[in-house]
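Before any questions on how it binds or moves, here is one chain, the form predicted on its own, in structure tokens.
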């Protein structure tokens, strides 16, 4: 941990740390991209969507193992289930398509977004449950199971579409963005680590047997099927797991804290193409 602290101090001293307090989101985005381009000069912008299997980050063997897994991906059956659930009518005869623009097809790239009517951040999973309640159904559990399957199906219809998140010049939208940014860089837990410690400053390095992926492109593959989980999981499920790994108390899925973090990370992946669902170890 002392080495990480010294590294961060050194980066600040030479001006490499890309995000500064009160910077405009568009300036943050440029600096975020520039940081990873400099750290991984042989990795193309779109290649970062493959996480720790990206060319320039993963070893040839690790990349090959992942490519083999994607030939017959373990998320195929949950994805089929998600499509069936999405298309099955509620008791009132309506379907999820009635709640979303374009019938819920090809819209994942716009999530999460700032809703000026409620002055809050709307996530895809959040609106899936809002749709259920609106149609007289009980909400689903947030992190895995049916909600992950439905979200994965909806995301799959956006494959190849570029993430396009807006941060309007409104106080509540900017506050949510800044909250997510703060969460990303803030130290927490008994290990006193931040999201950035693993997925920015030490991206491409090993922690025990795990290769740390770069934050750039992270959101494009969610929901993901993790071998460790043996199932699909939402981004908020992963957030909770990360907090536990640094021995910090996790926030609840779909809390304002995690919604803000999701908002920030998706904005930082603007321009990268959706490839969800994806497989990770």
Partner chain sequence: MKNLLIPALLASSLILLGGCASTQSSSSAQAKADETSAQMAVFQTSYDNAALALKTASSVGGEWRDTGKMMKQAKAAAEAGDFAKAEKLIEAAKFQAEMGYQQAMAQKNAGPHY
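Quick caveat: nothing in here was measured; it's all calculated off a predicted structure. Numbering follows the first chain given and starts at 1.
Just so you know, the form predicted in complex with the partner chain exists too; it's not on screen, but the next bit is about it.
Trainee: For the chain shown here without its partner, which stretch in 66-74, 231-239, 218-226, 30-38 has non-hydrogen atoms within 4.5 angstroms of the partner chain in the model of the complex?
Mentor: Selected range: 30-38.
Trainee: With the cut-off set at 4.5 Å between non-hydrogen atoms, does residue 162 touch the partner chain in the model of the complex?
Mentor: Residue 162 lies outside the contact set for the partner chain.
Trainee: State yes or no: in the model of the complex, is some non-hydrogen atom of residue 181 no more than 4.5 angstroms from a non-hydrogen atom of the partner chain?
Mentor: Within the cut-off, so yes.
Trainee: For residue 192, is any heavy atom within 4.5 Å of the partner chain in the model of the complex, or not?
Mentor: Yes, residue 192 lies within 4.5 Å of the partner chain in the model of the complex.
Trainee: According to a 4.5 angstroms non-hydrogen atom cut-off, is residue 144 in contact with the partner chain in the model of the complex?
Mentor: Result no; residue 144 lies far from the partner chain in the model of the complex.
Trainee: Using a 4.5 Å heavy atom cut-off, are 84, 101 and 155 all in contact with the partner chain in the model of the complex?
Mentor: None of them does, since no heavy atom lies within 4.5 Å of the partner.
Trainee: If the cut-off is 4.5 angstroms on heavy atoms, which of these, 122, 132, 94, 187, is the one near the partner chain in the model of the complex?
Mentor: Going through each option in turn, the one that passes is 187.
Trainee: Since exactly one of 149, 167, 200, 128 fits, which has a heavy atom within 4.5 Å of the partner chain in the model of the complex?
Mentor: In short, 200.
Trainee: Where, within 229-267, is there a heavy atom within 4.5 Å of the partner chain in the model of the complex? Residue list please.
Mentor: Contacting residues: 244, 247, 248, 249, 251.
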